[in-house]
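Starting off, we have a lone chain in the form predicted alone, written out as structure tokens.
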């Protein structure tokens, strides 16, 4: 799409959003032209907090993936939440079906059940508390239980276990992962960039493999990567997460250089949201995301507990 066409569609979305008293919540992994018109742009924790504080908005348009829109709906049962594409489904969330979680709970009846927000509502309904990549270790450290079932990301489970060594963190399922972050492997490309830019900071997401995390200068959520990039005196950063965040960093933090740790690593589910289907979602107020109330009532509890326990 030509830049003039992009700008025109952005203008139409902005006008329609105001007309319908809608709010546009956008994840860091969205394409740049959607990021540019967001009412709130951030990571899962920030988006959850913003969804919780949706105020007198009539309509929430969530530019992210399915579990994110579900979370917004759970926190706003009286508001209409739309997800521009029904195909924007997180593969990781699908790795923890309800039967797998219930089986793990039966095997470890005394364990706390801590679920990443990257899960579907039916799984959240079985959790004690939810977490994001920004607060997993912090929340697990506050729990009384010594054993924690954590799903579905095994690498985030490993990250938390390193920071809370007095807890036994059991990943459920055993091999749950993010398809995007495991593509970084052990970080060969990132280390080649580090040789070329020895003063660069390597910032890595905790969904990456442990071998890559151990090579990082900092292991951070996307929100944490953004803050570190702004606050650091470094001028060059190697970014170990989805390329959408690199787009944002380059746009919003001038005077610094941001290099993707892998040439072009993108989340195909996130990229199923486009300006075109975002406009249609606003226009038609569909597809609507609504969790059945019997599940929603239980799934809401661990999300609200997460927000209460987060610093």
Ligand code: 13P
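Numbering follows the first chain given and starts at 1. It should be emphasised that the depicted structure is a prediction, and the values quoted were computed from it without experimental measurement.
Just so you know, the form predicted together with ligand 13P exists too; it's not on screen, but the next bit is about it.
Remark: residue 116 counts among the residues lining ligand 13P in the predicted complex, judged by a heavy atom distance of 4.5 Å or less. A residue is said to contact a partner when one of its heavy atoms sits within 4.5 Å of a partner heavy atom; residue 44 meets this definition for ligand 13P in the predicted complex.
Although the partner is absent here, residue 258 lies well away from ligand 13P in the predicted complex, with no heavy atom inside 4.5 Å.
Within this chain, residue 273 is remote from the site of ligand 13P in the predicted complex, having no heavy atom within 4.5 Å.
Stretch-level contact analysis of 165-173, 183-191, 221-229, 75-83 against ligand 13P in the predicted complex, using heavy atoms and a 4.5 Å limit, identifies 221-229. Taking a 4.5 Å heavy atom cutoff to ligand 13P in the predicted complex, the contacting residues in 1-37 are 27, 29.
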